[in-house]
Ligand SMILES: NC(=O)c1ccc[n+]([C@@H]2O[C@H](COP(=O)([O-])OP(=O)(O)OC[C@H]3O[C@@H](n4cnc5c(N)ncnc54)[C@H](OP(=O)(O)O)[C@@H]3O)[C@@H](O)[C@H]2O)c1
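For reference, the chain that follows is the form predicted on its own, supplied as structure tokens.
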């Protein structure tokens, strides 16, 4: 499976404000590029907190990508708690299919009938979620749109192949705000390394595309 991410960040590396509310950082050009990245994917994966802040269908804009999909876009949510909307546009798009990847104690009552739910026996890790999406839904190209904890887990597990970042001319500040890669952090001796594949400057934004280099055996996050 090819796994790639897309994130818009502020100059200080933040995905959003300290309270984790949804905040659009990028311009219309960023949204256009997001649509093209989504068009490469069979599925989009987000964490529960990201989904709660932006519970709308995750699919390309048909005004940008005019070629219709042959199969629905999987909209996968990885959640420990199960908290979030039980109705609304996230469930109603004709070309998406919501799927929940949940912890064993997640409260998911009230979802629309027929919504797939997969429960982990223990902690629902992103590696487990990637395995479910490949085995049960035939996903070959997976786009991860946040949050930072998912991206950090993918890097730690050596499962992220490409990282797309829009650097926006903003400074959000705030200790504890969400960043591009959250979690425990990485050992300085075995940091994930990236290779810059392309960069574009459009207006005040910088679009960066990286290949994630394989990590050395035995490397991992700090405790």
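Residue numbers count along the first chain shown, from 1. Quick caveat, the model's predicted, so the values are computed rather than measured.
Unshown form predicted in complex with this ligand; subsequent notes refer to it.
Listed stretches are 134-142, 89-97, 118-126, 67-75; the contact stretch with this ligand in the predicted complex is 118-126, by a heavy atom cutoff of 4.5 Å. A residue is said to contact a partner when one of its heavy atoms sits within 4.5 Å of a partner heavy atom; residue 170 fails this definition for this ligand in the predicted complex, lying far away. Put simply, residue 3 is far from this ligand in the predicted complex: not one heavy atom of it is within 4.5 Å.
Residue contact with this ligand in the predicted complex: residue 21 places a heavy atom within 4.5 Å of it. This ligand is not drawn, but in the predicted complex it has no heavy atom within 4.5 Å of residue 192.
Checking 32, 38, 161, 52 against this ligand in the predicted complex, a heavy atom within 4.5 Å turns up for just one residue: 52. Within 4.5 angstroms of this ligand in the predicted complex, the stretch 64-85 places a non-hydrogen atom from each of 78, 79, 80, 81, 82, taken in sequence order.
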